[in-house]
Ligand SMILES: Nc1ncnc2c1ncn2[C@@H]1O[C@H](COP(=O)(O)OP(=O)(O)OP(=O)(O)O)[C@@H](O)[C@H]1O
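Next comes just one chain, in structure tokens: the form predicted alone.
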Amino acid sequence: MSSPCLTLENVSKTYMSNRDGRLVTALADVTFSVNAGEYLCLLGRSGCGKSTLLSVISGLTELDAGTIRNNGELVCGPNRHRMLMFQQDALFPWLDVLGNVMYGLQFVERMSRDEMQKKAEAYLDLVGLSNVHHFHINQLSGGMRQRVALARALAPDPNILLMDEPFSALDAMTREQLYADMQRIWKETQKTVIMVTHNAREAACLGTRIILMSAGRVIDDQPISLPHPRTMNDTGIGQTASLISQRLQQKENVESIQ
């Protein structure tokens, strides 16, 4: 781990509820930093502000207050240095696999089409899709589609990869394989990863650090020192996930009393 590549200071965001017009606090005075090379997991129940936080880090959602800096530069909007991978793959059905990965490379300066193709092919090889470059998206399984989405997010060479519950819609066996692949890719690319999840075992399996959230606030910050690679069946993963879940409940109880 090295110096912080991302810093958040007193980040806040509110929005108007579509149901009753009330003002809802999505984020409240969120402050933390992320070191280069970390695999940070944002963990909490649905509606706690995790996805909103990921969206403001990406630059897709504007802040109401506070600042976010990526390598010292103020985050004022989206760019290729912070690439977001969604829960649903969001691939373009009119493009083949290679075309989907090449799409994001159009925004990289001074890159010829041949260079874009070679780079896209390299990232498809990295995620284990070397034989499906010209498949149509509707020919792929859910797990393969997420691999394409991962290759597309990595191809522009961002310094931070943002992942919003990327494995939640997949079956258990596919998730297990992708957990292994994701750890290998993280090690090989040395990217900083920030991933949203509501699954404590998933966070313990992948993360080097877990930030717990509740009601738009950071309520705890836990390093995970278990060695990689990890599997969901490791004894240490189950124990760590149980402790993290207990910690989340305890902190939520304290918050509710206050």
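Each residue number is its position in the shown sequence, starting from 1. The model shown is predicted, which means the values in this text are computed figures rather than measured ones.
Below, we turn to the form predicted in complex with the named molecule, even though it does not appear here.
The named molecule contact at residue 47 in the predicted complex, heavy atom, 4.5 Å: Within the cut-off, so yes.
Residue 198, heavy atom within 4.5 angstroms of the named molecule in the predicted complex: Residue 198: yes, in contact with the named molecule in the predicted complex.
Partner proximity in the predicted complex: residue 24 to the named molecule, non-hydrogen atom cutoff 4.5 Å: Contact check for residue 24: yes, within 4.5 Å of the named molecule in the predicted complex.
Residue 165 within 4.5 Å of the named molecule in the predicted complex, heavy atoms: It does: once the named molecule is placed as it appears in the predicted complex, residue 165 has a heavy atom within 4.5 Å of it.
Listed range touching the named molecule, judged in the predicted complex by heavy atoms within 4.5 Å, from 218-226, 30-38, 50-58, 187-195: Looking at the other structure, the answer is 50-58.
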